[in-house]
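A single chain, nothing else alongside it, follows as structure tokens in the form predicted on its own.
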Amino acid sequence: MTDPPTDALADALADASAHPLTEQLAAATFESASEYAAALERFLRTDERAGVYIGYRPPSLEDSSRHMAGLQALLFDTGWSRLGWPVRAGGLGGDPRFRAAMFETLWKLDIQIPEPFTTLEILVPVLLVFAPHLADELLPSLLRGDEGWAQAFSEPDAGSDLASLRTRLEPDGDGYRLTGQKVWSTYGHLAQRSVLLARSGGPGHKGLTMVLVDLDQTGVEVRPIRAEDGENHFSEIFLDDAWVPGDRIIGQLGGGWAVAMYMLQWERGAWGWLQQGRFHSRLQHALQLAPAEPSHAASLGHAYTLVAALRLHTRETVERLAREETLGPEVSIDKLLLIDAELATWNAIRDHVGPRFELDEELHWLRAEYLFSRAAPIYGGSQEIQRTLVAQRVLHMPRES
């Protein structure tokens, strides 16, 4: 995705910083993701506003959220992040693979991916299909970084078993009331809204409904959960008659399970593609921190191999999603590859950097990422469950008796 632009592009973008994208330029300028990536890289390298984001190491998650919101605004206002999203929802149209190319370019330049980009890559494609009125209304503010969203599925007694969710959605006038508790909502304390799965009917899959709820209202309390690395990656959300307007239903009342299953393909594919870029970036950074040692060659090579496998597989997933294919249980393979690549990457980095990894205060951000990587076999769907899904629904192996 890094081929140089054509001569026509070079003329059109002779000074990328002085010629941000417009509706007129966007429709005709880029014929491929490679051309887009080359032009975006040029913009980020030459526009002085982008310099504060290259190589930025956040002192905390909250500081990162505030700082990187500026990058979101810059990319939106100049048009770069709007490519690949529908015009009707505030985008500039074009191939959805432009979005994947944007993430690749940011990692290449050692620019942290703003967390809201990850969330919207999972949630907005779902809204475009199941609640287009919400996507059309809310995508611009989310894409620009003016607000953040969370995802609230898991509960204290219902993690991977979503069919046993107990948070209730009850009719009330022209809307609904939510009562219950959610847990493990990523960056929930930094979000203004959350996509939430609740029980609107009887037990099992058919009694669930997906909604979009405002978190900054009476009846909602969000408590951050501090992780092992000292950061508030997750939150609990307590709901006590929280209000949901009638037009905030995503899909059909009682159709939440189908929406959740559709969402999984984006959660696996988009997330895996994002992470492989980060792993490549971090491995490269480790090699710059310490000279290559023969004793580390095996672990580094193993990590690079697994990250390459993740890249190739998630690239195919992204390609299929861009073609608007509906993916099935095979997306669990993306998650399994991600687990192996993440653990191998950080094990190799820790061994390669040596004592400095533990002692150098300037590498606190690297240690924090290492500590978070220990949760890879659990977050986003446990390793055991993904293996079972692949065994039974992809390989059609017999169930254990």
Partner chain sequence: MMDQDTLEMLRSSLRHVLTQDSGGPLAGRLHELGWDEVVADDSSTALRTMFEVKGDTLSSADALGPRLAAVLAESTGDDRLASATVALASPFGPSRWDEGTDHLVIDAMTLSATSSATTVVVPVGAAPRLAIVVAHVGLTSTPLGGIDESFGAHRLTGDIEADAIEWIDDRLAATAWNDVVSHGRWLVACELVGIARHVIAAAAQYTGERVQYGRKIGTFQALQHRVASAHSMVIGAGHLAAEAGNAGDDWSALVAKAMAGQAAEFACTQAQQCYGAIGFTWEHEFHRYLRRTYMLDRLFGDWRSLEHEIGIRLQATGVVPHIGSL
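Here the structure is a predicted model, which is why all the values come from computation and not from measurement. Residue numbers count along the first chain shown, from 1.
There is another form of the same protein, the form predicted together with its partner chain; it is not shown, and what comes next is about it.
Proximity to its partner chain in the predicted complex, defined as a heavy atom within 4.5 Å, holds among S60, N347, S34, T46 only for S34. Distance criterion of 4.5 Å from any heavy atom to its partner chain in the predicted complex singles out L336 from the list A376, L363, A50, L336. Just one listed stretch, out of 230-238, 71-79, 183-191, 94-102, contacts its partner chain in the predicted complex at the 4.5 Å heavy atom level, and that stretch is 94-102. Mapping the unseen interface onto this chain, Q252 falls outside it, with no heavy atom inside 4.5 Å of its partner chain in the predicted complex. For E293, a non-hydrogen atom is located within 4.5 Å of its partner chain in the predicted complex, even though that partner is not displayed. Although the partner is absent here, T305 lies within 4.5 Å of its partner chain in the predicted complex, judged by heavy atoms. In the predicted complex, its partner chain sits beyond 4.5 Å of every heavy atom of A258. In the predicted complex, no residue of 42-75 lies within 4.5 Å of its partner chain by any heavy atom.
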